[in-house]
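Single chain ahead, written as structure tokens, the form predicted on its own.
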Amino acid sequence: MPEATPLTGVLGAEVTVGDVRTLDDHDLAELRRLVCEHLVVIIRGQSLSPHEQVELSHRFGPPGDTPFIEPGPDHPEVIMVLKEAADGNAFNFGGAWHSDFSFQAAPPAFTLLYAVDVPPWGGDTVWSSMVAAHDALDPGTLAALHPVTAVHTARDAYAPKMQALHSGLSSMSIVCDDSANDQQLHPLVTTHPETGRDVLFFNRGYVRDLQGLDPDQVPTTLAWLHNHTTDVRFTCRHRWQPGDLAIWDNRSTQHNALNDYAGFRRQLHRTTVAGTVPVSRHRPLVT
């Protein structure tokens, strides 16, 4: 049976499960429950080939669609998150607060990230709880946010204007195109489909506008939401070791990969699990 030790009082847990490749269905269901409860779990000491990581991901659900990023050579569902030592001060993939592909109609439910090669220091990942960020707000503020719709777009991440930034990573193939300018609407406050908890479904990486507010209020509200949701009191930070497997819930977190390891190599393997259209118990379905 998986056993969880919380990492903070807000989110995150280190989970002991033995070899994740041998989990039976009961223990896998318990691990899924722990991910939904703690939002991110760290499982140490694993040994996963790309194919084995894909098999584990499939036990959580079908694979999520991964636009713009070419997969690794060993499996079409695995994204090799790799910055070479020679890349120096180049952009760090995932190096801004975001929730994976929230610009999709049905963003990923879970992400699995497995550490293959990590620097001697730096390259940590930080997560923030959008459940705690929601619950910290007063009733009046929440009532004002319930009708608001967030406009998600990848235009400032994967539009052609961003190609030079991504091309600084010599061992990743990221192909930007005009589809990144598309927009997707999601409620700003969503309801988690498995836990029923309300979530402030926001990230500054992909949310570029807010509908339902006076347009003059939008810039200051976006800045306030970013500062609030990434406040240190809602976060946990993980120092990677080879063999670490992190599994997190994209429906209730955002995260940031820190770019403080210039001159060192960092390689992790990422898979995602398909999610569902975000909905809110406070309002009709956004279309």
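For every residue, the number given is its place in the sequence shown, counted from 1. Values in this document were obtained by computation on a predicted structure and should not be read as measured data.
The following text describes the form predicted in complex with a small molecule, which does not appear among the structures shown.
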Query - The single option of H98, H75, R197, R208 touching the small molecule in the predicted bound form, heavy atom within 4.5 Å - result: H98
Report summary line: The listed residue (L225, A257, C36, L28) that reaches within 4.5 Å of the small molecule in the predicted bound form by any heavy atom is A257
**Report entry** Per-stretch contact check against the small molecule in the predicted bound form, the hit in 159-167, 87-95, 174-182, 130-138 (non-hydrogen atom, 4.5 angstroms)
**Finding:** 87-95
**Report entry** Distance check, V189 to the small molecule in the predicted bound form, heavy atom within 4.5 Å
**Finding:** no
Query - 4.5 Å heavy atom contact, L145 and the small molecule in the predicted bound form - result: no
Query raised in the report: Should V81 be counted as a contact of the small molecule in the predicted bound form, where contact means heavy atoms within 4.5 Å?
Result: yes
Report task. May I ask you to state whether L113 is within 4.5 Å of the small molecule in the predicted bound form, using heavy atom distances? Result -> yes
